[in-house]
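Just one chain follows, in the form predicted alone, and it is written as structure tokens.
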Amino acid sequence: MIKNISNLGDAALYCDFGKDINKETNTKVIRYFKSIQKENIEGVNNLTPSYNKLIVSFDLRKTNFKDLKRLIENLEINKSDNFKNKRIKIPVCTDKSFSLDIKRLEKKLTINKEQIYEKFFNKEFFCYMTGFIAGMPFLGDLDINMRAKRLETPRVKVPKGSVGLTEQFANIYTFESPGGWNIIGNTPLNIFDSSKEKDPNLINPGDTVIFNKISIDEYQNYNE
């Protein structure tokens, strides 16, 4: 299932699953990611999955590229393994104070905001990866007629909890951060909790996400 395994610097290897960015390819990445976690291989100190790649970092004092490559190539990946992927509901408020780019999207997509939100809230999303900022989920796949490019000039500050769209993905800003995604709402839910050392991410690769619309009153009175 891995197309190629190569060196990435002195203490990491790069598992390449091909050029495609889709759920099928990403599911392979996630299975290897979780299988390597499960094996608890000596010397492996970090795993970084992306859409179609997996970076495995290791401690040179405990293992090396050749031995680790052989272990990964010989891993038995059982497609029926249940890795406890979750189905998560995320509340989103689309009040005008939160939907910063809805007018821009209406123009870019040539559909009105009611259609944009209808398509968004009726979609089940798949988490390909987390990154850019801690715990930020990259959720695919938006319908073809919902895909827009990033802002020409990124914002210096995007509010925490902002829900954005770009190309085939939706995401959630887990912290206030610079960013260029098209913001259509905000969630009061805490997507990343640094106080949870073991699993700070609410959403992890392989999970599915459904967004549900809430009012501004529900947002302001939301209690996790």
Partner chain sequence: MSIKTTMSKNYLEIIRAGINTTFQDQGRDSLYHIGIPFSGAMDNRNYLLSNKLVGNELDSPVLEFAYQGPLLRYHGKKINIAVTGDVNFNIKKKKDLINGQCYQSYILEDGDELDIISTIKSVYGYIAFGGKFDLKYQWSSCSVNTKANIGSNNGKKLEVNQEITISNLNENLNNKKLNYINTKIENIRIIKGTNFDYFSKKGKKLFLEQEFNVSKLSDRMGMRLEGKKIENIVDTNIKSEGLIKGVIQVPADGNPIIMLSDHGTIGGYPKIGVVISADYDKLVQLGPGSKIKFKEINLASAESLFRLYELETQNLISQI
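If you superpose the two forms and keep the largest set of C-alpha atoms that fall within 1.5 Å, you have the rigid core. Positions refer to the first chain, counted from 1. Predicted model only: the values in this text are computed from it and were never measured.
There is another form of this protein, the form predicted in complex with its partner chain, and it is not shown here; the text below is about that form.
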{"item": "T25 within 4.5 Å of its partner chain in the model of the complex, heavy atoms", "value": "no"}
{"item": "4.5 Å heavy atom contact, S50 to its partner chain in the model of the complex", "value": "yes"}
{"item": "Contact label in the model of the complex: L8 to its partner chain, heavy atom within 4.5 Å", "value": "yes"}
{"item": "Contact label in the model of the complex: L71 to its partner chain, heavy atom within 4.5 Å", "value": "no"}
{"item": "Candidate spot F126, G161 and Q220, all three touching its partner chain in the model of the complex (heavy atom, 4.5 Å)", "value": "no"}
{"item": "Partner-facing stretch of 101-109, 140-148, 86-94, 127-135, counted where any non-hydrogen atom is within 4.5 angstroms of its partner chain in the model of the complex", "value": "127-135"}
{"item": "Those residues of 27-66 which, in the model of the complex, come within 4.5 Å of its partner chain by heavy atom", "value": "F33, Q37, N45, N46, L47, T48, P49, S50, Y51, K53, I55, S57, L60, R61, N64, F65"}
{"item": "Did I55 shift 2 Å or more between this form and the one not shown, C-alpha, core superposed", "value": "no"}
